[in-house]
Every structure is written in C-alpha cells, then in structure tokens.
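Next comes just one chain, in structure tokens: the form predicted on its own.
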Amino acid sequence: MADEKDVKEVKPRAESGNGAKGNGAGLVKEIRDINAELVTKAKEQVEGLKDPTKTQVFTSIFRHKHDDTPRNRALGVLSNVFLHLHPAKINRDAVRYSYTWGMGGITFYLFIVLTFTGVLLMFYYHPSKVQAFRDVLYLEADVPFGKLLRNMHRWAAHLMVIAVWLHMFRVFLTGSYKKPREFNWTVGVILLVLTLLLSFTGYLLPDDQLGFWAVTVGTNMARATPLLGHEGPLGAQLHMTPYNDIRFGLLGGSIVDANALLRSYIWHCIGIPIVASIFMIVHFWRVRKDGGISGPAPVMLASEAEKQRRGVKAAGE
C-alpha cells in the first residue's frame, strides 16, 4: 500500500515538465524494481521452507553433488579434501602474511604445543586435594626441565586465547564470515568458547590460591544463569536450588573442593580437548571446501579481467 501511495505522489510531479517527468518516471521504475526484488526474495524464502536443502544455510554446510560429466568428475577430485588437500586455485591476496597474520595457523600450533606439554604434565600430576599442589612443587623443583615444561604449557595457553581473539578479529574485519562461510564462522565462535573453557578449567588444577578464587568467582557467576541458576531468571520457578543448579553440576558439590578439582581435570584433559578437536576438523574441512582462506581479490586471469572491463564499458555505452 505504501508503494502505491508513493507512485501516486510521484505522477503529479512528473507532469510538471520534461525534466520532472523524466525524474518521476525514474522513481516509478525504481519503486517497481524494488517491489519485484522483494517479491522474488519472498518466493525464495517460501521455496526454502518447502525444501530446506536449497536454503543458503544448508548450502553453507553441505555442497550439492555434480552431474556425472567429465568436467564435474574432475571437480569432484579437486574439491575433495582427501584426494586434493590444497585448493586448485586461491585468492591472490590470501597468501599474503600481512592479510591473515597467520593467526589461524598460530592458534593450531599452540594447541599442538598445549597437547604435547599437557600429556607430559599428566605423568607427574594427581588430581587430588592432597597431591595436586605438591605435584606442582615437585615438578618445578625436582623434575629435570619441569619448570620449563610447566611454563611452556602456561604461556602457550595465554597466547592461544590471544591468538584466537586476533584470528576472529581478522575474520570479522575482512568480512570472511559472509556467504558462503557463515557456517564456518559459527564453528569458529564455538571454538573460541571452548578455548576459554579450556583456560578456565586449567586454572584450578595447580590447586593454589589463584586457581581457587578464580574458579570460585567464575562458578558464583553461574548461579545467575537464566533457567539453570538458582539466582537467575526463572530459576526459582524451575525449582533450582544451590544443590541442583548449574553451579552444583560444575563443582560436583556446593563448594570448590576435591570434586571440583576432579571435574576440572576431566574436562580440561579429556572432555573439552576431544570436542575441540572435532570442531577443528570441521573448521579446517570447511575452509578447504570454501576455496581456502578468503581474500579481498578473487583469482582472475588477465584475459578474464580484460573481458570483464570490456563488458562494463559496453554496458556503460
């Protein structure tokens, strides 16, 4: 209705003169084009509801199969991660270090360092209130290169958090989260959360004052979680108490004690690393299937660029 009203208001002004008539006709045409575009988008959304496999969300996760032709069979090989590890072609500027900063690769390298040093630290650590802090002291004082090993793990953890943030900052600034990479952006956000959880659960393992109070403050914040915390919105209505809410589940009790130490150890050394590894595999797979690292300039031959310039020039004339 609003569009029809605008059209009616444009017509009288278009009749005032030749110039005004031309402007009015242009406005009418522009309004009609906008209406046609909106109708087209509405039809696409309706079709998407009928067949979810044709929506952009689905195609950002999965790719459709090609017809059985020689060219498409070759594309099937070139686009397969296992048969052809690297993309057949990449963006020119994507390989520039000043574009990516190498933050994705640095983050993965730090994860490998953390996994290797973490496995070695497990040989000297017992997740119990009696032994945990003693094991840390023994590791730093008596184990050859033990202090170096622990500091490598600690500083790699700090650097991994920083590298993940910088990586996502770069992806956001370069628009690499846009179509068709929106699914991979979601996977990256999940990996960011898992990285923060890894850092948080590792804080308690030395069983010192820093770790104790860090986990105390962090889990006290969980009491205000909506629906799951007894102090959060709708928590009381769902009969949440200090003995059955999310904080109680994280600590395995009502205080930061032996159960909390054991649960942090299991989540830090087994649970979260396995989940993070799965999401990393998916993340790397999507980077490869989306054509490698995104870049500001697409790959284009000189002949293709000249052909495109001629087309633009012809359209302008």
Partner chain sequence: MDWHQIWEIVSTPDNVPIVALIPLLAFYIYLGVKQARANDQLIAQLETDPALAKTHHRKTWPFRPGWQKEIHVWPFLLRVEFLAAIIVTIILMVWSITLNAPLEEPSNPNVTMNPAKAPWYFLGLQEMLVYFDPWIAGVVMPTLIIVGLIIIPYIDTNPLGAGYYTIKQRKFALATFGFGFLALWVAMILIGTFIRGPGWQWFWPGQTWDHSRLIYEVNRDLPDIFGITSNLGKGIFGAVVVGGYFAAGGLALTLLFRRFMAKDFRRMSILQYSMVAAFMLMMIALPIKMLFRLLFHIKYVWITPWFNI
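Values in this document were obtained by computation on a predicted structure and should not be read as measured data. The term rigid core refers to the maximal set of C-alpha atoms that superpose within 1.5 Å between the two forms. Numbering follows the first chain given and starts at 1.
The same protein has a further form, the form predicted together with its partner chain, not shown here; the description that follows concerns it.
>> Just to confirm, with a 4.5 Å cut-off on non-hydrogen atoms, which of N151, N244, Q131, T115 contacts its partner chain in the predicted complex?
In response: By the 4.5 Å criterion, the partner-contacting residue is N151.
>> Between A141, M122, V95, V81, only one gets a heavy atom within 4.5 angstroms of its partner chain in the predicted complex; which residue is that?
In response: Filtering the options by heavy-atom distance leaves V95.
> Should L110 be classed as touching its partner chain in the predicted complex when contacts are defined as heavy atoms within 4.5 Å?
Replying inline: Taking the distances in the predicted complex, the answer for L110 is yes, it comes within 4.5 Å of its partner chain.
> Within a 4.5 Å heavy atom cut-off, is A305 in contact with its partner chain in the predicted complex?
Replying inline: Close contact exists here: in the predicted complex, A305 approaches its partner chain to within 4.5 Å, heavy atoms only.
>> So in the predicted complex, is its partner chain close enough to K147 to count as touching (4.5 Å, heavy atoms)?
In response: Yes, contact at 4.5 Å.
> Can R170 be called a contact residue for its partner chain in the predicted complex at 4.5 Å between heavy atoms?
Replying inline: Although its partner chain is absent here, R170 would touch it in the predicted complex, with heavy atoms inside 4.5 Å.
> So which residues in 223-247, when you check its partner chain in the predicted complex, have a heavy atom no farther than 4.5 Å from it?
Replying inline: A224, T225, P226, P233, L234, Q237 sit within 4.5 Å of the partner.
>> Is the shift of I90 between the shown form and the other one large enough to count as movement, that is, does its C-alpha move by 2 Å or more after the core is superposed?
In response: Result for I90: yes, a 2 Å-plus shift.
> T186: CA shift of at least 2 Å between the shown form and the other one after core fit?
Replying inline: Comparing the forms between the shown form and the other one, which are aligned on their rigid core, T186 does not shift its C-alpha by 2 Å or more.
>> After a rigid core superposition, would you say the CA of G76 moves by 2 angstroms or more between the shown form and the other one, or not?
In response: Shift at G76: 2 Å or more after core fit.
> Taking the shown form as reference, are the C-alpha positions of P180 and V77 brought closer or pushed farther apart in the predicted complex, with a change of 3 Å or more?
Replying inline: Farther apart, by at least 3 Å.
> Are L83 and I274 closer or farther apart at their Cα atoms in the predicted complex than shown, with the shift being 3 Å or more?
Replying inline: Distance between the C-alphas of L83 and I274: shorter in the predicted complex, by 3 Å or more.
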